[in-house]
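This document starts with one chain, in the form predicted on its own, laid out as structure tokens.
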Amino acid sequence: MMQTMTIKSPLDMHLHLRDGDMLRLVAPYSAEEFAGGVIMPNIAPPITTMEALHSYRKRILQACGENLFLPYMTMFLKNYDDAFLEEAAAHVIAMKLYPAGVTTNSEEGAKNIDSLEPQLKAMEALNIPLSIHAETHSHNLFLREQNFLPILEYIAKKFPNLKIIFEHISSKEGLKLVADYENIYATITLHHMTLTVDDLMGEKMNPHLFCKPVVKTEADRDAVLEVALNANPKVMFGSDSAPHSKEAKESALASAGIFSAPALLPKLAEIFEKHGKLENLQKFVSDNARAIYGICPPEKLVLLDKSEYRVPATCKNQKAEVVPLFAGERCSWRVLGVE
């Protein structure tokens, strides 16, 4: 007997679409199945002007083709004046704070938080959410998120009316901070729900599973998974799907980022069903995000069917090739259709 379920307007609240040939390759994977996504601004060069913002949004919509998909745009947070932030407020869903050099194309990011306090104050007054890549440059890669938590806590206390989005949360200590502060919310990725450091480099190194923040211990994975499965109202799905070319990943200096877009909804349905929480999937991939951000996404019904789906081994066009998360693996659910 066929088992199906319908997800209403699924949202990906943390998405990297890159630009150029890579954008044209990866955008349809998200646009076909999601009603909208929060687009990260760390392309090269990063999005720091209104002209760049509007131009990038236009390129995204062109790459999405005829799919109904709303790109929720963000800007790379810098020392903007109040007038600029007031103008930007009508066009962005959040400002993204990157500590300088912690991840892809973040070299122009913040070197210290104090320098951005005027902007954070203005954002608080204008009701512009702050999206944060919460990592430091500490020597222990596995503690960079945890070592950023005092900075995040400082911001939450100093600007209590500033809505803060703790992006791609990956540690049990980070989850505690979300629980402790009313103004801190979080996005959760598929890979932090499913992978540990043993998957990354237990028997041999798998560069396609290298990301920042890095996947961590079983305890961290299980804590993140539990919060997602229960659809805690302070968390929402954000894939952090972040493609790099197959060549860039399979190299001596492998780039950080996991391309998960082809696997997302089938794998999420599989996981939620496995744990007896399928009824919470709608909240996790849509309803919570609507409430947290106060948005009304386009109406899009995605029908999922409990039948086998194989994640593609590779995704490519004439100019780009990417290996997705769970490449070649079978899922017990698939996307049957979209209305």
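Residue numbers here begin at 1 and follow the sequence given. Quick caveat, the model's predicted, so the values are computed rather than measured.
Just so you know, the form predicted in complex with ligand NCD exists too; it's not on screen, but the next bit is about it.
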Answer with one of Lys267, Lys212, Lys172, Arg144: the residue that has a non-hydrogen atom within 4.5 Å of ligand NCD in the predicted bound form.
Lys212
Among Pro207, Pro99, Gly257, Pro129, which has any heavy atom within 4.5 Å of ligand NCD in the predicted bound form?
Gly257
Okay, which stretch from 225 to 233, 86 to 94, 249 to 257, 173 to 181 lines ligand NCD in the predicted bound form, with non-hydrogen atoms inside 4.5 Å?
249 to 257
Using 4.5 Å between non-hydrogen atoms, is Ile164 touching ligand NCD in the predicted bound form?
no
Within a 4.5 Å heavy atom cut-off, is Asn288 in contact with ligand NCD in the predicted bound form?
no
Given that the partner is absent here, does Thr194 sit within 4.5 Å of ligand NCD in the predicted bound form, heavy atoms only?
no
Decide whether Asp220 counts as a contact residue for ligand NCD in the predicted bound form under a heavy atom distance cut-off of 4.5 Å.
no
Contact check, 233 to 247 vs ligand NCD in the predicted bound form, heavy atom within 4.5 Å, ordered by sequence, gives Asp240, Ala242, His244
